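Single chain ahead, written as structure tokens, the form predicted alone.
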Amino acid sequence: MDLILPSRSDGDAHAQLDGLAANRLRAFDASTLAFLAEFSARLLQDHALRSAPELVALGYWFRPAAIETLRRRHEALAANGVLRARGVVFHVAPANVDAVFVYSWFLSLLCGNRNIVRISRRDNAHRATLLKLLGDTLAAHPQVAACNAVVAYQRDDTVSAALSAHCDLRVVWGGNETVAHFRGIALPPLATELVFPDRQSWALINAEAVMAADDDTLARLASAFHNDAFWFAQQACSSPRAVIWVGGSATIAQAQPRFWHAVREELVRRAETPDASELANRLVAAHRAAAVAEIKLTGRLDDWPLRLAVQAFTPEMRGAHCGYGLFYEVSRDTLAETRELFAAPDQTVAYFGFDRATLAAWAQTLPDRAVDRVVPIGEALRFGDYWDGHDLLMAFSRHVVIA
């Protein structure tokens, strides 16, 4: 097991982990707030990270004004008693979205927990820059550094079991297989677990609203849709992989080419071009879909985005979705007729052309576990302190009731 953060002269991961027991910070401790303020400022000022909008968003998320909003909400949650930290939180981070481990770790830190964060060994330039920035910031805040350990190790159940045995909360990101695997590793009787398995997401578009939109509105919609779908190559759980069109068939037939033309213009404006390997992945996924369901190709097989008209987003299509600009499209006359399309793995619905009251009434009719977020197109990837139906401030805290 390698200690990634904080830097120690002896590089001893076990010594850092042993030291966690002797170090504690209160919820929204002044030391934590100073650390996060410096982290946010460094991140927003780092020119090397300007080309990584998800990391710029991370910097904004932990700026002092945003933290103050979280602090007030944390205070309100404790109205009937006291919110205490859970203790030691063991985070198993996903490999596909670099920023997620920081959100999970820092929210837990704000709640006063000591943290062990396991990250993957998969590396890239942005992650390396982010880890260096984190290391430099931790070095300037030794009290915070003493309460945290970021480690990396190959899949090793002996190590995972040892870390799980000493945690009070285990947080597992990374998909169904990872969640199922860690559920076979015991936790102490009083420990709890928070898991984030595979999820899929949709875009929901009112065809009449697209036809009523002027060119500027349509360009903004296309830019917002691009951010949702293309920032992580549709790999994030909240990236839309299927699009529901709502409206009469004639209106949808007019709205679809107008919308997708705007999306293609947005890709040109950003000078983004499709990769050959990504095209190959889309073709394989499209052929797999054709083997299990009736699909209709809209356009050409080498189009980017590649669009496939279908009647539903089936489990087979969900499992074989490759990302990289492949979109299934489903049409329904009314919003009420979309209910049967949704299933438990559905997480986010990013919408355009519907009012909040209509969506609130519609959400009440969806299957029991389906859909945790309904947000405007452009906000699908925006992390929140409510995620997958969990209030993360509460999940990272223990509520002591005082009668």
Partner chain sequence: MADNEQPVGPFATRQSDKRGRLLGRLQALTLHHYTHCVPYARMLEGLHGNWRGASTLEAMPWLPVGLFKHLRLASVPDEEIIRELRSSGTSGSLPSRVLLDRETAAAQTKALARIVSDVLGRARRPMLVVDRIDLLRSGEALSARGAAVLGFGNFGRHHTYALAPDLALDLDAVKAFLARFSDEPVLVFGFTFFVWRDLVQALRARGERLAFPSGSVLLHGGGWKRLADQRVDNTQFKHAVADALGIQQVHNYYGMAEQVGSIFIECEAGRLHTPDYAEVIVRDPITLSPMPMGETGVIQLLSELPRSYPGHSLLTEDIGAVLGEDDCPCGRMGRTLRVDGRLPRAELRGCSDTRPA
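Numbering follows the first chain given and starts at 1. These numbers come from a predicted model, not from an experiment.
In what follows, reference is made to the form predicted in complex with the partner chain, a form of this protein that is not presented.
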Next item on the list: Determine whether any heavy atom of Lys132 comes within 4.5 Å of a heavy atom of the partner chain in the predicted bound form, and answer yes or no.
Entry: no
Next item on the list: Give a yes/no on whether Leu279 approaches the partner chain to within 4.5 Å in the predicted bound form, heavy atoms considered.
Entry: yes
Margin query: Quick check on Leu301: any heavy atom within 4.5 Å of the partner chain in the predicted bound form?
Written below: yes
Next item on the list: Spell out, yes or no, whether the shortest heavy atom distance between Ala262 and the partner chain in the predicted bound form is within 4.5 Å.
Entry: no
Notebook entry, point to check: Of these, 161 to 169, 80 to 88, 213 to 221, 291 to 299, which stretch puts a heavy atom within 4.5 angstroms of the partner chain in the predicted bound form?
Noted result: 291 to 299
Check: Can all three of Arg155, Gly174 and Pro274 be found with a heavy atom no more than 4.5 Å from the partner chain in the predicted bound form?
Finding: yes
Notebook entry, point to check: Out of Val195, Ala95, Ile185, Ala146, which one falls within 4.5 Å of the partner chain in the predicted bound form, going by heavy atoms?
Noted result: Ala95
Item checked: The single option of Ala250, Ala76, Val284, Ala139 touching the partner chain in the predicted bound form, heavy atom within 4.5 Å -> Val284
Item checked: Residues within stretch 120 to 136 having a non-hydrogen atom within 4.5 Å of the partner chain in the predicted bound form -> Ser120, Arg121, Arg122
